[in-house]
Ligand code: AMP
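Next comes just one chain, in structure tokens: the form predicted on its own.
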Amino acid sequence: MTLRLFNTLEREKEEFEPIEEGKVRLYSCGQTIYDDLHVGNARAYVAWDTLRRYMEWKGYTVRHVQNITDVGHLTDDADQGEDKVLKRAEELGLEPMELVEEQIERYFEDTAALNVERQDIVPRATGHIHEMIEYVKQIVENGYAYEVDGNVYMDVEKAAEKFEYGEMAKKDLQDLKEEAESRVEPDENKKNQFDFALWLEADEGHLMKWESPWSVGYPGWHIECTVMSEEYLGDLFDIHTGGKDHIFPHHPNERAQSFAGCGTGQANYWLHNEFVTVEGEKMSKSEGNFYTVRELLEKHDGDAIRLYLISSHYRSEMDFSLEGLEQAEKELKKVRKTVQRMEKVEGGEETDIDVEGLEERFEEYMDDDLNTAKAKQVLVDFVGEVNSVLEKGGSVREEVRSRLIDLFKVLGVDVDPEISEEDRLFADLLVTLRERYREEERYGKADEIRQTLEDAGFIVEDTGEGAIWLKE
């Protein structure tokens, strides 16, 4: 089977062909690290982690790079406003790097709880200022940028002579020029208002600033990803991912810098995830419908949150609700119980279940632009088939169980969580004791044992072969 990905550049699904056989170089735009991870951010990171997992499952060796932006991302996402990290640090009375260190730790805790594997390289913008300055110098020397009063700007019209700047957004240069003129406050330093900053001079009170050939200042937001992606993946790599909001201006600006600096289009495939709404409305703290992953983890299983996030295609708008998350939690519990039953139910006639067909259907949907929604449903439906077999007194091969667990792992969902030896001994002992009470017809005592197990997170099921326990 052949993987096909929706390339935003072409607005169509294309057969994936790596630059180097058997290897994938993948870059994801990461977090601007000034606040806790919310479900909209989480959806993107879960999607790209699933892409990585699936490619590895198909046999590719993947190098995944995802940056951390800790300087340069201004509040209007262009060249105006305050630095987001600096603004938040001042609100909290912290030094910017003090905030950054705290938020990086929280970010990795939250993503780990969602089974997002840490990327191979996680570069920080502040750790690559020298490389950014050198890259900007190259763009200036190549004639695609200009300096005014310590600020350096990309000459978009000049860059557009080299490549189609509006290709990703599917807009022509004149449309983009008019939009820029109406969208932002005029900057008298710019030749055209859609030119964007590669380097900005810092005000005297600005805390994060560095020496450069042009001024004491800081890098523009867009130059960061161009430099860090090419530093670790080369001038041209396979896949670049990000949110729908990056389709313009962030990713076209990255490509402009890449063409101007080294003459490539940076990546061959550009993937973008859709936004998350909450009960049909845009997430907003002021509206009270804003959910951070950390808040959700206080009441919900991280695997359930992930299962919910992959239950819609990454390019489809997702409407998040607590009711939907609770339904995913129920679905996860059902799958986990079945996985445990498959291991514990013995003695029944072994039923032949088409696990090879399951894998083929799973791969067919995942090859279709990473359709996790349909791939997940194939697995859930299969669990229903297995339950029918077990309820009729049958059993299934161990291979069926292990393949099902592995396919859920490709989606990043753990359906066979570890149970400590202490918990196993505890449950085994109490189930044995309950069976003895039942044999002695001391049903009140047996019910007390069942309740003790339930309070400890275990379910007791009576089967034709005797009682078994399942961990919730």
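This structure is a prediction, so every number in the text was calculated from the model and none was measured. Position 1 is the first residue in the sequence shown; the rest follow in order.
In what follows, reference is made to the form predicted in complex with this ligand, a form of this protein that is not presented.
A single residue from the set Phe248, Tyr232, Phe275, Phe108 has any heavy atom within 4.5 angstroms of this ligand in the model of the complex; that residue is Phe275. For the residues Arg336, Arg306, Lys84, Lys376, the 4.5 Å heavy atom test against this ligand in the model of the complex is passed only by Lys84. Contact with this ligand in the model of the complex, defined as a heavy atom within 4.5 Å, is made by none of Arg397, Ser402 and Trp469. In the model of the complex, this ligand lies farther than 4.5 Å from every heavy atom of Leu236. Contact between His313 and this ligand in the model of the complex is not found at the 4.5 Å heavy atom cutoff.
In the model of the complex, this ligand lies farther than 4.5 Å from every heavy atom of Arg255. The closest heavy atom approach of Gly393 to this ligand in the model of the complex falls outside 4.5 Å. The stretch from 402-410, 430-438, 58-66, 31-39 that comes within 4.5 Å of this ligand in the model of the complex, counting heavy atoms only, is 31-39.
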